[in-house]
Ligand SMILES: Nc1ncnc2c1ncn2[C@@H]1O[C@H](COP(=O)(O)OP(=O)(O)O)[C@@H](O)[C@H]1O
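Heads up, the chain below is alone and in the form predicted on its own; it's given as structure tokens.
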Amino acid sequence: MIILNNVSFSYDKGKEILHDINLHIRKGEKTALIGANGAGKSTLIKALVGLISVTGSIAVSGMEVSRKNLAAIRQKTGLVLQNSDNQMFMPTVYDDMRFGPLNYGISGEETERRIDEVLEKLEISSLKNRQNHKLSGGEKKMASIATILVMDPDTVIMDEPCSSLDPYNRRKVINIIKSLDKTLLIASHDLDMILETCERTLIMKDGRIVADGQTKELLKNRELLENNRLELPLKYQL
């Protein structure tokens, strides 16, 4: 579902942000991407949806990430941004949720059905007609997730999906992630959430994937985590 071959990227000549990354994420796999700030996680996510041009090759949903395929890839790949203000750009939650489906040719009737279904699933039906600029940070995060799920993508990429959420809504998002029958890549510093939701974890450092394995094994390895400027999840600290 996601394949990277020898992927590298530099903003400035001679300063690589991503270095020779090779990766294969299978269909339906829930994979975490962790690492300290500056490890390259957000840059890698941008590469997956074609926001930056890299050397090497990337394929998502069976399509090469290239200019000619970007529209099709973005229809099949949902990206939940860390900063919801960069994702919510219409006047209301309803307007934002309609925008994607209608622009990809989904009928108005089907779009309305999906909107109500997703809002109910996330338990945020009360936000449907709310103005985006009046939402709290947590409400906006939930609404931004709704705008992605309404597209029913094959692959969902999330950058810090639980940031800005109170414990109740954090638990709600965790349960939604666990229930999704989709290929997921989740970048997060919330290692306890990762432990609950992802069977596989990738650790990045200095633009490289330095570890790739079962989440439960990697996240209880104190030496490995500390060598990569990470800490044990709270579950393993007790």
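In case it trips you up, residue 1 is the first one in the sequence shown, and so on. This one's a predicted model, so the numbers in the text were calculated from it and none came from an experiment.
A second form of this protein, the form predicted together with the named molecule, is not displayed here; the remarks below concern that form.
Student: Just to be sure I understand the contacts: of Gly28, Gly62, Gly38, Gly213, which is the one whose heavy atoms reach within 4.5 angstroms of the named molecule in the predicted complex?
Tutor: Of the listed residues, the single hit is Gly38.
Student: Arg200, Lys46, Lys182, Lys172: which sits within 4.5 Å of the named molecule in the predicted complex by any heavy atom?
Tutor: So the residue touching the named molecule in the predicted complex, by this definition, is Lys46.
Student: Find out whether any non-hydrogen atom of Ile17 is located within 4.5 angstroms of the named molecule in the predicted complex, and reply yes or no.
Tutor: It does: once the named molecule is placed as it appears in the predicted complex, Ile17 has a heavy atom within 4.5 Å of it.
Student: When the contact criterion is heavy atoms within 4.5 Å, does Asn69 count as touching the named molecule in the predicted complex?
Tutor: Answer no; every heavy atom of Asn69 is more than 4.5 Å from the named molecule in the predicted complex.
Student: How about Glu223 - does it come within 4.5 Å of the named molecule in the predicted complex, if we only consider non-hydrogen atoms?
Tutor: Heavy-atom contact with the named molecule at 4.5 Å: absent for Glu223.
Student: Quick one: which of 54-62, 38-46, 173-181, 192-200 gets within 4.5 Å of the named molecule in the predicted complex, going by heavy atoms?
Tutor: Single hit among the candidates: 38-46.
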